[in-house]
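Below you'll find only one chain, the form predicted on its own, shown as structure tokens.
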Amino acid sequence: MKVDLSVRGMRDYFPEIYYRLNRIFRVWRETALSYGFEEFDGPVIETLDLYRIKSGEEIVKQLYNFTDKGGRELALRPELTPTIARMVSRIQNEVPKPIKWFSIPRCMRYEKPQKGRLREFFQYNVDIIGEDEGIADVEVISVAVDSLCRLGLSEKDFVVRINNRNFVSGYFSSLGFDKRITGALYKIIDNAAKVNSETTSSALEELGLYRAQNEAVRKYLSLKSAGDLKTFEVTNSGKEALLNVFSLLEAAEINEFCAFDPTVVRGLDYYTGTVFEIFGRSEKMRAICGGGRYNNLLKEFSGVDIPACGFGMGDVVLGEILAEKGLVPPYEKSIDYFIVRVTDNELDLTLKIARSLRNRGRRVEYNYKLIPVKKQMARASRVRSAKVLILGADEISTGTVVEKDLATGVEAETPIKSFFE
């Protein structure tokens, strides 16, 4: 009986899978660099306390954690935000602000594997640290939008749903909601777009709200657009910041990708201002991306207030959407030159030409063991070589090799010295 030795929730990265991933990574990297971000990374293993600081004891159940031989509680990284907070706290007085960093780490999270969610994944992290709310928030949203557009998606394929935690907390605080109820209320609001209205109503009833409070929640959930937000009868700093963000999004000409959504409150307590999630328009899967402003997190590490905002975008949901839209390019191995030798007398020259071409950035292959020329030519076609160089005694004696274009079938005698000039 054959035993399956693979680990649940992990992936085998065959060449065709890594080819598609590398395309995503290349677009992510080029987009971040075009905005002036610098690439960084951190360790795969961090202390368990690092994640407790950010997310509390609850997070431990979602981690691959262990005690090492020195008795230290450690965990495989599930994300990079705590790492960047730890790293910035060490250098905050040494580098100019804002700090604009991005990374594409491999992460691990012990969750139930399902469509769009695996235990191992790559995550595109983009953060701006040391800049107040407003244009910095729009900048990270712009990076996310442009990254998706450069992969072939459009405003018809995805939407950025935006809210502001200070607007939400300010509104409910003014209505007398205590902290215990507010925490439970956020979870209900965050889930409201994923369930029917009856489920939301039942959850609200269980909170035991006053009639006026219940009506206030329903009035809040009835908001559908930034236009509704403008006329919403509440005044607080979060609302003004949110309206400013939408104004800047319009100036940046990405407002057609964006929408106000009252149900986006992001479950984690460390979010302090603008929050956003990106979903496919079909809404069949989890969020492609999530992020926002986390001004208080760095204070936990440095003791100094340092404003920050950013996002994380996973490759799993994104890969599913790209496949659904027919935007995954087919994998086809190809090389520039395949060198065919007639006998092993031409082996030394084969190696020299191959090295010279590779030093020029060309992709080159040849057969390791001598086999008939016909079989070598067949292999050249199989690996989709653009050209074949045929090394035979007669040609070499005249200082040439036969160069054949496999697409056109055209052959020409090429001077050997041209491969070394």
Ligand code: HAM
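Heads up: residue numbers just count along the shown sequence, starting at 1. Source: prediction; values computed, not measured.
The protein also exists as the form predicted in complex with ligand HAM; that form is not presented, and the subsequent description refers to it.
Proximity of Glu111 to ligand HAM in the predicted complex falls within the 4.5 Å heavy atom cutoff. Interface residue remark: Arg86 is not counted as part of the site for ligand HAM in the predicted complex, having no heavy atom within 4.5 Å. Contact between Pro262 and ligand HAM in the predicted complex is not found at the 4.5 Å heavy atom cutoff.
Ligand HAM in the predicted complex comes within 4.5 Å of a heavy atom belonging to Gly290. The listed set Phe102, Phe311, Phe167, Phe338 contains one residue whose heavy atoms approach ligand HAM in the predicted complex to within 4.5 Å, identified as Phe311. For the residues Gly238, Gly280, Gly130, Gly116, the 4.5 Å heavy atom test against ligand HAM in the predicted complex is passed only by Gly116. The stretch in contact with ligand HAM in the predicted complex, judged by heavy atoms within 4.5 Å, is 117-125, chosen from 155-163, 195-203, 222-230, 117-125.
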